[in-house]
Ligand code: SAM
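Only one chain is given next, in structure tokens, and it is the form predicted on its own.
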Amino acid sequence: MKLSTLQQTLASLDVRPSKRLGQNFLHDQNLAAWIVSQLELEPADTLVEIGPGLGALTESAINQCRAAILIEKDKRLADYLRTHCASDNVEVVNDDAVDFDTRLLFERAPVKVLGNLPYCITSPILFKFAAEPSPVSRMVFTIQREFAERLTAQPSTKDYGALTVILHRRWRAKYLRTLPPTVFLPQPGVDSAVISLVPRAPDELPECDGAVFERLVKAGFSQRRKQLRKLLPPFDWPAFAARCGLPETARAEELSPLQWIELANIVQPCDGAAAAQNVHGERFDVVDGRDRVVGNATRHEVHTGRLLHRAVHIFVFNRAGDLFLQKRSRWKDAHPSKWDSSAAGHVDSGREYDETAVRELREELGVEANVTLLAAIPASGRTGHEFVRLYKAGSEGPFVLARSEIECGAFFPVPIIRRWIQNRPQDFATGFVECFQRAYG
């Protein structure tokens, strides 16, 4: 949208750019097209645009993707977009992006996010859409240049801080371009910058306990001028520093994200690959078609021989009625990286269903809770040849996830899960789908 057209449109809508809403409208058409191109939209993508305003970026984007969700806080502009961008595949949401429920996006994956973000709320919006778990495969944002430099900073620089390290564990951030104030109406008082964020591949960096990682990083950067060894929990700091080639007097900004991960794994070891190998010798009862014990075998023998055996699934609900789902570790021998029941596991040889359900809650989520039987599900190919007892329990969390078993987890409303299964059944372990359908039809 040219500057003259932009001014005329704002005047016709009786809209004066709001400083409170951080409204600065891009009026360079070529620049708008370039920004959209950095999102690398594909026909199967769902676009989420934050603060589309008068649609400077929207017009270049909506014809390149399957569907678009436009989140606009200003009601006058939202109403304009509903007319100007009217289409069956475009949804305009008149809401603050900070309050938008990102759980709605899992059923719409793959999702890419675009936005000219108000400077005052850049951080909460960024971390809302980047928070684990996230269905987003790429983000391109126009933000204040100073903040962009912090997000993309390198170790041992003044802009490198806790925010940088925490983001870089799961995302690759790239500074794409500086934008002068003159390409906006009204002109902001500082330069802007375009950045891209892409999720790291699962094996790009070593795994670690994310909560421990963030706690250490925040502690390390809490007093930047202080030596790191004086801010962290007691452990063999000299040995760690020597292994990483760091001076014993190192400060937080001298450690790369990889070294922070190594540090987290010293404080709280997390080796999913090793844990996955250690379970192959577990023994399970083998049962007949009526769930009667006829022998026992190792996990490996049971799975490779498709022998009938027993398992439990537990659905954990919070007070709002949302169901907690876990995303299975990529090291799991069955359904790696798929979404699954809140907790689930095999019944060990000589054990019973009820006690196993209580144990799995404790071991996988760190929860002590009463369980109630919901259903007994017969063995089939979809359950992995397991007779399953499905239980329910109540808890608000927070949970202590068994990182060797679980990548991450979150509470989801049941209607969202139902639509998600309908739209993307490939995202789930088949045993969970069987349990969910048994519970909800």
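Residues carry their position along the shown sequence, with the first being 1. Every value quoted in this text rests on a predicted model; they were computed, and no experiment measured them.
The same protein also exists as the form predicted together with S-adenosylmethionine (SAM); that form is not shown, yet it is the one meant from here on.
Heavy atoms within 4.5 Å of S-adenosylmethionine (SAM) in the predicted bound form are found in exactly one of 104-112, 235-243, 146-154, 74-82, that being 74-82. Between S-adenosylmethionine (SAM) and the residues 48, 56, 401, 390, the one pair within 4.5 Å by heavy atoms in the predicted bound form involves 56. For the options 379, 62, 374, 26, the residue carrying a heavy atom within 4.5 angstroms of S-adenosylmethionine (SAM) in the predicted bound form is 26. Taking non-hydrogen atoms only, residue 341 never approaches S-adenosylmethionine (SAM) to within 4.5 angstroms in the predicted bound form.
None of the heavy atoms of residue 10 is located within 4.5 Å of S-adenosylmethionine (SAM) in the predicted bound form. Within this chain, residue 96 lines the site of S-adenosylmethionine (SAM) in the predicted bound form, having a heavy atom no more than 4.5 Å away. Using a 4.5 Å cutoff between non-hydrogen atoms, residue 409 does not count as a contact of S-adenosylmethionine (SAM) in the predicted bound form. Residues of 118-150 lying near S-adenosylmethionine (SAM) in the predicted bound form, listed in sequence order, are 118, 121, the criterion being any heavy atom within 4.5 Å.
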